[in-house]
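Just the one chain here, laid out as structure tokens, in the form predicted alone.
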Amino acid sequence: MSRPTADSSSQYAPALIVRQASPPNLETPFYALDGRITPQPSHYVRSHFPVPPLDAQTWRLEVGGGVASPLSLSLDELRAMPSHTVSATMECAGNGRVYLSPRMPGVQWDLGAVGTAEWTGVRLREVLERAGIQDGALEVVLEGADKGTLTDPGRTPGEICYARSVPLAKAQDDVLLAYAMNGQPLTPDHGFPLRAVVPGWYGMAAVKWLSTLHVTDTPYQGFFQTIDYSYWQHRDGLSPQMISMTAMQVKAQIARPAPHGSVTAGRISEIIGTAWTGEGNITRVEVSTDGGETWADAEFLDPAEPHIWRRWRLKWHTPQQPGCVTLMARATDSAGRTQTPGHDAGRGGYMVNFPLPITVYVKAEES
């Protein structure tokens, strides 16, 4: 359902789909895909705990742990540092969960827990340079001001804050501490006054309402690093190991025709969508109009750029006879990774990147 347009909810775009009202988990109707950048009111919202009431004048970013000079930075002090703007696609790790069978626990996202925005802020590495990183540093823990308790997928040890870590190499590369989105200050739902943006990684790494940076010389083992947002992986010939989620998987999605939408028989229609990958660039998108039996190459509408999706389209001669058809899309990236059929059970309800079946109804031409 769409969020009602009462005064109490006027901060939301009317088209956003409510997957959970409190805390707010709101999905973009993916069929409305238009430009390459998702407007802030239309960008999906993922929240684990209630939105914390923060004041820009009193808020501080505390930087500590393995640093030479602990810092307490105000928003004005961060804004006074050199600013950078990056375009990045962000996908919730559970996007597409509704397509899994059997049904998996968690927010039942369809196609719209993904979006692309222009983020403005300061480089994490520049903040760390100001603090001075001590020898032996391994990771940077990003902690938000939001907090609460959970019982699924595991029970939290009382009230905890949302926190994730990034390896020092990633922290010193392209991680941004963003205070603006598409040229406007962050809204409370999107992490005001400061959030992390981790290009190429799933959205769980983009900690909102950022309050603390903690440099550590040991691997962080917090709830959202191990109990949640982790998956089983076979490697080194050993029994399955639990791995923390990081980079997004290669993926293409169909925006139009929308799932369970309709087209007219015997016409030329367009299939439109986007594709993205966590590392590298999208180099190919193929589309099937017969449930995966045959595939045709789509045409790109955007240049290949790292960390940002490419829109694509395919002209489709719709069937002459009415009925149901299954559309699918699959992408390949510059590292040669291609979407393969079926979901890896070791991922649980996360990292859904098999070609999703989109059912479309072909209707008879009106006389």
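Numbers for residues come from their place in the sequence shown, where the first is 1. For clarity, every value in this text was computed on a predicted model and none was experimentally measured.
There is another form of this protein, the form predicted in complex with another copy of the chain, and it is not shown here; the text below is about that form.
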Are Arg267, Cys324 and Thr338 jointly within 4.5 Å of another copy of the chain in the predicted bound form, each by at least one heavy atom?
no
With a 4.5 Å heavy atom cut-off, would you call Ala145 a contact of another copy of the chain in the predicted bound form?
no
Determine whether any heavy atom of Ser288 comes within 4.5 Å of a heavy atom of another copy of the chain in the predicted bound form, and answer yes or no.
no
With the cut-off set at 4.5 Å between non-hydrogen atoms, does Gly222 touch another copy of the chain in the predicted bound form?
yes
Does any heavy atom of Gly346 come within 4.5 Å of a heavy atom of another copy of the chain in the predicted bound form?
yes
Under a 4.5 angstroms heavy atom criterion, identify the one residue in Lys170, Arg125, His214, Arg256 near another copy of the chain in the predicted bound form.
His214
Considering another copy of the chain in the predicted bound form, which of Ala247, Ala180, Met104, Ile133 comes within 4.5 Å of it through any heavy atom?
Met104
Per-stretch contact check against another copy of the chain in the predicted bound form, the hit in 258 to 266, 137 to 145, 198 to 206, 182 to 190 (non-hydrogen atom, 4.5 angstroms)
137 to 145
Residues in 231 to 246 that come within 4.5 Å of another copy of the chain in the predicted bound form by at least one heavy atom, in order, are Tyr231, Trp232, Arg235, Asp236, Leu238, Ser239, Pro240, Gln241, Met242
